[in-house]
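Single chain ahead, written as structure tokens, the form predicted on its own.
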Amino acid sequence: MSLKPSISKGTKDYLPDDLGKRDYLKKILRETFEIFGFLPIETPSFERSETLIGKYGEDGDRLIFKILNSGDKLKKADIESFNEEDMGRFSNSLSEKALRYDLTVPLARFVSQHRNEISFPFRRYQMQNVWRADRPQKGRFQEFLQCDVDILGNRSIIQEVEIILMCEHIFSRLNLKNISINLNHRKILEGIAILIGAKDKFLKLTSSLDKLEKIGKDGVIKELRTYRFSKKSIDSLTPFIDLKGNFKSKIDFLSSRLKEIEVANEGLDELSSIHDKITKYKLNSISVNFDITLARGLDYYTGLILEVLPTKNEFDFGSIAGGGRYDNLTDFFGLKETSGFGISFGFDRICLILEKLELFPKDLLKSSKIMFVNFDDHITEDCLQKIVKLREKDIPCEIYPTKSKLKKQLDYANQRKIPFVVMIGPDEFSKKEFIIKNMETGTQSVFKTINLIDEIMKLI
């Protein structure tokens, strides 16, 4: 019985043309990361469950793909928790490993584990797949490539400025305009939580605000009610959700409302300083804005947070990059006082935007430039010798594998978008000649075989 070919929801196959585009974007990102002084690392596709769980908040933890134990390890399952219907504890007892949810927590583990082998501040970039048990939809996959840059081991806000300047560099190279970088600060949000009398529910507040774009203001308020935020707290929060204006007017409004709350003032001072530094640079592709509702629901953020979005409403998904400051993440792994700041680029979403706007260069796929037609075995042997010499000159070329009708072979060359075809039939072989056919124009030219490499070199 044959199986219907299919893949799991939330995953994707990539055809050769797709990979040509993806390799182009990887190249732009990698070159930019290295221009800004970042070094590459890689970590395993899965980590110990205890490394990941408890670092992302309740919503994030639910999206972690766990790897089921096998063999004798299954005997360690906590049957008592199953009988007590504690499915969370029971699930954890069935799994000791999990696919990585992001690249930041594995980075914290990596830096803590290799602290004596690296130099601080440690500037790293990483381009690897991550997995999330999220509901698949446009621009949202269960397996996708993340491209991260982080700086660990220093608290200077110059790092925040550098990351924003790096975004400008990347999007300028991609010719991608109308990009908004929205900023906020977790300490400002903490100050708001204190002001509205919900300090003990800070993580619930940030988790709900993080969903504002998806569920709207009414949805956020409804969720806060389920978390038992009082009506007074919600009413006090509303002016902040509705806050409009430019960067300075928002800072002034918050400064007046939060002036008695020290932690909020720290965040406002830092955010203002970062914005002042950024405004000294000419930014052509991005605009920098202050969004007080930006929360970045992950629990490990402690300082500036940012989100990158296309400003035109022609895409059915939100951010294409996001990140922030985290001060305590390596503490989980025994490395204290190692603050970090980083950003993660949504590679697949950026690809979708570049495709829709037709911003990918043409002819990205590095396929054959020359195809030799196959006329018979005797001539094929001679063609293969010539192909070997062409490949030594770094010219991508191939021969059609079997003797077939000329139309079939030329159709194949067209389907592969091979620009030139070399034909050495029996007559050409006896005369020591060859024909080059331009597949775009249809024109043909005859040359002496002794000049084959030189003539082809002129074309490529």
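Just count from 1 along the sequence shown to find any residue number. Only the largest set of C-alpha atoms that superpose within 1.5 Å between the two forms is called the rigid core. Everything numeric here is computed off the predicted structure, so don't read it as measured data.
FYI, the form predicted in complex with another copy of the chain isn't displayed, but the following is about it.
Looking at 190-198, 204-212, 109-117, 234-242, the stretch with residues near another copy of the chain in the model of the complex, meaning non-hydrogen atoms within 4.5 angstroms, turns out to be 109-117. The contact with another copy of the chain in the model of the complex, taken as any heavy atom within 4.5 Å, belongs to 165 out of 261, 165, 309, 353.
Proximity to another copy of the chain in the model of the complex, defined as a heavy atom within 4.5 Å, holds among 368, 289, 285, 293 only for 368.
Residue 95 belongs to the set of residues with a heavy atom inside 4.5 Å of another copy of the chain in the model of the complex. Using a 4.5 Å cutoff between non-hydrogen atoms, residue 143 counts as a contact of another copy of the chain in the model of the complex. In the model of the complex, another copy of the chain sits within 4.5 Å of a heavy atom of residue 374.
Although the partner is absent from this view, residue 37 contacts another copy of the chain in the model of the complex, with a non-hydrogen atom inside 4.5 angstroms. Contact check at 4.5 Å (heavy atoms) against another copy of the chain in the model of the complex: all three of 42, 47 and 158 pass.
Shown without its partner, the chain has 11, 12, 13, 14, 15, 16, 19, 23, 26, 30, 34 in segment 10-34 as residues with a non-hydrogen atom within 4.5 angstroms of another copy of the chain in the model of the complex. Residue 10 shows a C-alpha shift of 2 Å or greater between this form and the one not shown [criterion: core-superposed Cα displacement of 2 Å].
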